[in-house]
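A lone chain, given as structure tokens: the form predicted alone.
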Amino acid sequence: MSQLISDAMKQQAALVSTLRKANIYTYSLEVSSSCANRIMVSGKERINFISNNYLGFSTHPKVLEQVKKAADKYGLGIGGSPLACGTTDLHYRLQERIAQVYEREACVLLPSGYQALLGSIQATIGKGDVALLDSLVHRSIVDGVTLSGSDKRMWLHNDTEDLETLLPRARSKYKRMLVIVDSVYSMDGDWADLPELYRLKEEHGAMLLIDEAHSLGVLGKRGYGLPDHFDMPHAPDVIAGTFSKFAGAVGGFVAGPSDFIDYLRHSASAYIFSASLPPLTVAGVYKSFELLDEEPEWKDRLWSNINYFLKGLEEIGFDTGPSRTAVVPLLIRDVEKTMTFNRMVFDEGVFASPIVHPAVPPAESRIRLGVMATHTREDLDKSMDIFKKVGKKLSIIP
């Protein structure tokens, strides 16, 4: 057992122990309700800012109705991989729907957004190729590049001029180049410059993969994400995403050319060696896609809340960084203050997420807030009052 626990593990365990003793550890608390605007945590109702259930679809009555019907017909799970018995008629319907949304020939479903990115990258590039990553891409993208066996180069966040200087050098050295970005960045809430990325990838013969995790359901006239926002449906070569945000569910997808998707099905470890998504989840996600068209008021409510919340926080004096979406950081820039702030607002009735090293550098420590369409103005106003009270007490705001 002594060999199992390394020095790094001991240091991490000691840190967690210290945070618990100081009563400022708020990770993995027991939740005993659905993921609505108010959530039961540790036996008390609190305002929910910790989830990514942006549109509130995980508790929508029409979604739950379809989930119950699928559970009655298919049971808890399908009991096999997608290549075995794990692809039902519901899976085919959802794949077709997503392909239509993104105007692609085909789509494939995976058990999570993390696996969707691993699988999409592994199927796109390999040894002798290079991935050119925005420096703030999600960790799943970094892991996917490692799994693919390709080389990795990073460029400054959202700095397409830096990317432009990197592309010619990479082109002279590698067989293929894959530029990868998050559509919306999960810690800062800003989004990628798709028109400029498209221009650069066309000019330099690169490919472009975008991660739609925090964009689907949020950006675009129809809520179809970054390509919809810029009216550039065919700008990316490959699109990956997850259902854990816009649908508040689980699972991921990859959309692209039919030959590419067929290749992914038979080559990506994340797809081949995982059990298939439960049909009841697939049914709920399919209905969530329908709701994007049938009830656009949810996206409108989300944006009304985003604009109201960002304006209010900035007027109070908080630094929300470059956020323009449902991801709202409160930049505190001190690890201990971040953990203390989060514990204090939790005790006052707000459930949020402290983001500290190694997720971000210590000087970028923050509270990450997820705005929901189902938040009421009372929820937002009460939360801002709590943030203001605690922020002043800790000298975070003047």
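So that there is no doubt, residue numbering starts at 1 and follows the sequence shown. Fair warning: this is a prediction, and the values are worked out from it, not measured in the lab.
The following text describes the form predicted in complex with a small molecule, which does not appear among the structures shown.
Participant: Go through 238-246, 291-299, 312-320, 270-278 and give me the stretch that gets within 4.5 Å of the small molecule in the model of the complex, heavy atoms only.
Facilitator: Contact-bearing stretch, as computed: 238-246.
Participant: For the three residues 303, 324 and 371, which mark the spot I'm curious about, does each lie within 4.5 Å of the small molecule in the model of the complex through at least one heavy atom?
Facilitator: Checking in the model of the complex: none of 303, 324 and 371 is within 4.5 Å of the small molecule.
Participant: Is there a non-hydrogen atom of residue 216 within 4.5 angstroms of a non-hydrogen atom of the small molecule in the model of the complex?
Facilitator: No, no contact at 4.5 Å.
Participant: Taking the shortest heavy atom distance, is residue 117 within 4.5 Å of the small molecule in the model of the complex?
Facilitator: It does: once the small molecule is placed as it appears in the model of the complex, residue 117 has a heavy atom within 4.5 Å of it.
Participant: Would residue 186 show up as a contact with the small molecule in the model of the complex if we use heavy atoms at 4.5 Å?
Facilitator: Answer yes; at least one heavy atom of residue 186 falls within 4.5 Å of the small molecule in the model of the complex.
Participant: Do residue 138 and the small molecule come within 4.5 Å of each other in the model of the complex, heavy atoms counted?
Facilitator: Judged by the heavy-atom cut-off of 4.5 Å, residue 138 is in contact with the small molecule in the model of the complex.
Participant: Considering the small molecule in the model of the complex, which of 160, 112, 88, 95 comes within 4.5 Å of it through any heavy atom?
Facilitator: Partner contact (heavy atom, 4.5 Å) among the options: 112.
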